[in-house]
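Just one chain follows, in the form predicted alone, and it is written as structure tokens.
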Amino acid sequence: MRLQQILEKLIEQGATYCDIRKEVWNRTSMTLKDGDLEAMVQGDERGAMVRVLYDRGWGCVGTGDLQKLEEASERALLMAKKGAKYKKEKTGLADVDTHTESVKIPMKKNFMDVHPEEKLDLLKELHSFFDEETANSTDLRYNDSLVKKEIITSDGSHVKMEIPRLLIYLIITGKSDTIQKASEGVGSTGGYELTERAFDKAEVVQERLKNLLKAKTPPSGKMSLIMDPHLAGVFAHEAFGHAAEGDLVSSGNSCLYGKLGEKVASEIVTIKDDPTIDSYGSFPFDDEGTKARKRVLVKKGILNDFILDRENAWKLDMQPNGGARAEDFRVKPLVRMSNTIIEPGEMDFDELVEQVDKGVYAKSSSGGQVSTVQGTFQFNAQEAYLIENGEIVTPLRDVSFNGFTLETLQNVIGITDEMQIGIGHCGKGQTAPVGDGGGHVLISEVTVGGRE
């Protein structure tokens, strides 16, 4: 039975709304540990997710057998009917423009045509780049994936898309008086041509590890902080972006609840989440078939928008903006970010540094935690430097900083006129490829952790 016929049958049986998302995946991944192949996986899989809304109840069933798609749709309808009996809260879907379109993100060099042995040779060449006296251990990872999606909805959209993604991740470890680790990733949507960037990142990682091995422990207390573009992007994604996700806002689990139109940051701060740019978190349509578009979350300090799927847009009486993403056909879409960016400012890096009497220049991220409800954060920097009297003077290690998200955004007093975007994977019960970045960002005061 064709997809359209399945949807028509569901509507005839009383479904309020339904959609089918069919996916075909081709993936390759390999890990080179200390020069030896530790793991390699290559393969295809296919499947589909059927979603049915019946009154106020949802039914979502994924299947890896496309021959059983009609059966999956019947189970989804039954699940939705049962859910409608017990769910008290009303729900609905905000209207969207419908589309009939087919989009392919291009690859200059198709990684499907590259033999796995050539990909492995690339990792071996990267391994040989690292100085063994500095890097005692290396962990080099290669991943590519091509997903072909077809999404059809009961209200008239029928879109097809092909999205290729490639990622190389470099992790090296060294030891002096402590064990230190440095890492960087490179990738985007696109083809095997993206591997050309890996050697530049290898140089960055090796230099970072050398600095960490001779670095000192940081001071602690309230002081100025400069975040490099990667760390600024992680801050925008983790501390602010999650709080701007519509499902958390509509449920009251966000510090941004009720603040639309209010000042939440310095007037020089504009934060956008944009799936349409060329980056790792990009896509032409979201997993509900809504056309992707730029979301300006903060505009010159004012909270301007949230990241929204159709259901949470309905709950908040706002316009959907393509914020529904699913890890694959096994799971339903959730509200997720794409490429979250602090827009460039008007300063150069030297001007930022000159404004700091005592502070820290923090680079890249090595983890942290946030609370979207309380609006708090704690981040760790991979690499850092002490700033004194407007000059960068000493490498630091084990630097962390914390505070309240909105207070910290109000304390932003300088942003450089550049744009650098990093890559990552965001976890929210499901994993999604994302990008984040911006320019260097100067915060006038934040709490830095360490020892005097």
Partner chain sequence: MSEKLLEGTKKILEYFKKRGLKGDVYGTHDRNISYSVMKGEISDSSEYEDIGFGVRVIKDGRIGFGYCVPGNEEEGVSRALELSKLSPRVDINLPTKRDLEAVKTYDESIKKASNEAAELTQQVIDGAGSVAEDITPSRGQLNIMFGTKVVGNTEGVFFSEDASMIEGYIAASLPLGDTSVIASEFAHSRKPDIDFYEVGVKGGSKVDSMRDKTSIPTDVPVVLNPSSLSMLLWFGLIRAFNGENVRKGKSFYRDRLGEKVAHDSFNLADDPTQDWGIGSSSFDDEGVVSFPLPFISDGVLKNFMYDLKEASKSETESTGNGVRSSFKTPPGISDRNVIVKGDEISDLCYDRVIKVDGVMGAHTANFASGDFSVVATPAWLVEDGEKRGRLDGCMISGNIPDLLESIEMGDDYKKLHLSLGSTSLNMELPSARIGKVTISGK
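Because the structure is predicted, anything quoted here is derived from the model rather than measured. Positions refer to the first chain, counted from 1.
In what follows, reference is made to the form predicted together with its partner chain, a form of this protein that is not presented.
Each of 253, 366 and 447 is positioned with at least one heavy atom within 4.5 Å of its partner chain in the predicted bound form.
Note that among 301-309, 172-180, 194-202, 229-237, the stretch whose heavy atoms approach its partner chain to within 4.5 Å in the predicted bound form is 172-180. When contacts are judged by a 4.5 Å heavy atom cut-off, residue 419 does not count as touching its partner chain in the predicted bound form. In the predicted bound form, its partner chain lies farther than 4.5 Å from every heavy atom of residue 258. The closest non-hydrogen atom of residue 350 lies beyond 4.5 Å of its partner chain in the predicted bound form. When its partner chain is considered in the predicted bound form, residue 128 lies well away from it, no heavy atom lying within 4.5 Å. Between its partner chain and the residues 82, 294, 160, 109, the one pair within 4.5 Å by heavy atoms in the predicted bound form involves 82.
Checking 213, 114, 277, 120 against its partner chain in the predicted bound form, a heavy atom within 4.5 Å turns up for just one residue: 120.
Taking its partner chain as positioned in the predicted bound form, the residues of 50-74 that bring a heavy atom within 4.5 Å of it are, in sequence order, 58, 59, 60, 61, 62, 63, 64, 65, 68.
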